[in-house]
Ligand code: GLA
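Take a look at this one chain, the form predicted on its own, written out in structure tokens.
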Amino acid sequence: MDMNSATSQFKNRFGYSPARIVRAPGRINLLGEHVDYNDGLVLPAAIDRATYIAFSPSVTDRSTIVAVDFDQPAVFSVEGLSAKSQTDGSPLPEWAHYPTGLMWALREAGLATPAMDAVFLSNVPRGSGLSSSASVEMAFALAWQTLGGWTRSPMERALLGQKAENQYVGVNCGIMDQFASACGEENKALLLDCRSLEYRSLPLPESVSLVVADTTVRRKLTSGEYNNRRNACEETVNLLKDDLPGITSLRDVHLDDFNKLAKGLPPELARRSRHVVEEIGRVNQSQSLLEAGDVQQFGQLMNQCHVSLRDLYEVSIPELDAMVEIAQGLRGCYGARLTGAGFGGCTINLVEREHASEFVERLAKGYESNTGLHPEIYICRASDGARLL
């Protein structure tokens, strides 16, 4: 899938050539899971799977956007945004909440959103934990920037995408997914401080491959479990404030203090917050390891992260656990864990490049014989963020 597919789909639908094509990648997260909304440190990378949009200005005041993957159009104008309705009064399809939410957020910021004709297609699997929704948002942000004649930095576009997802779509996500899709760098992981929004890139050694393994079990974040985890973190902060009056998020809680105070917390909150406090510590450790090219120790941190997500944050499922366990026993695997919010989706595996093809084959066989499901497994590389082609 590439710009040629997007161009031909646009021509088929609208009968003329698109003005521009934009590409925005999905992402994996190497470390720092469920800490972005706790003001913590995260370590994502954009990947070479992406959403492509072919677009042109519309000659009317209505936008017509066709989701090729759903074989479905949505036709809307500014007037129907708050009601989430199409121009004929029917409800917008659920996938359309991402582009219309982005349009809403841009307009809230006083930015022009001219009507467009567009098609979009993606090879980022939906509901897999690779941030297909953020890649759609960041692609449309760049498309509207191009048509609207305004300029915002990649980070500013990421924040507008987060606002759309929080306040329009209704998923209380942190900034990591939109940030990685907007700001990705080829062959680099991005270390982001989710409080200050400062970030730096860290090298990914040439000797390793990023292998994404899709369990094919789908999850739905708007179903509430994600927001429940976020609420648990906020509740913990409120309870700890009596003893730690300066804190505003779990980012501010040192592990020593947490270990002293955890016994006074309700057991579920203690588990949830321990994951976050310890995970931020793992990301802190990871910086020097990546700079030194120590993939062995870095992989161990990934393995520890999975155990924590499984036992403390409780966002894993048997299929994810099976995929991780099989991977960790294969030659060339430095580390494996679930990536994304959990409850289904993908694992990310750090694998010695020379063993990557063999690893994919054996992991697929092992997972299928264990679960009866046929996985999708692909060797990825870290890629650039959203850009016009």
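When you see a residue number, it is the position in the sequence shown, counting from 1. This one's a predicted model, so the numbers in the text were calculated from it and none came from an experiment.
The protein also exists as the form predicted in complex with the ligand; that form is not presented, and the subsequent description refers to it.
Mapping the unseen interface onto this chain, M176 counts among the residues with a heavy atom inside 4.5 Å of the ligand in the predicted bound form. Y37 belongs to the set of residues with a heavy atom inside 4.5 Å of the ligand in the predicted bound form. In the predicted bound form, Y226 approaches the ligand with a heavy atom inside 4.5 Å. Under a 4.5 angstroms non-hydrogen atom cutoff, the ligand in the predicted bound form lacks G335 among its neighbouring residues. For the options A341, A67, I326, L41, the residue carrying a heavy atom within 4.5 angstroms of the ligand in the predicted bound form is A341. Considering the ligand in the predicted bound form, the lone stretch of 168-176, 236-244, 202-210, 293-301 in range is 168-176 [heavy atom distance within 4.5 Å].
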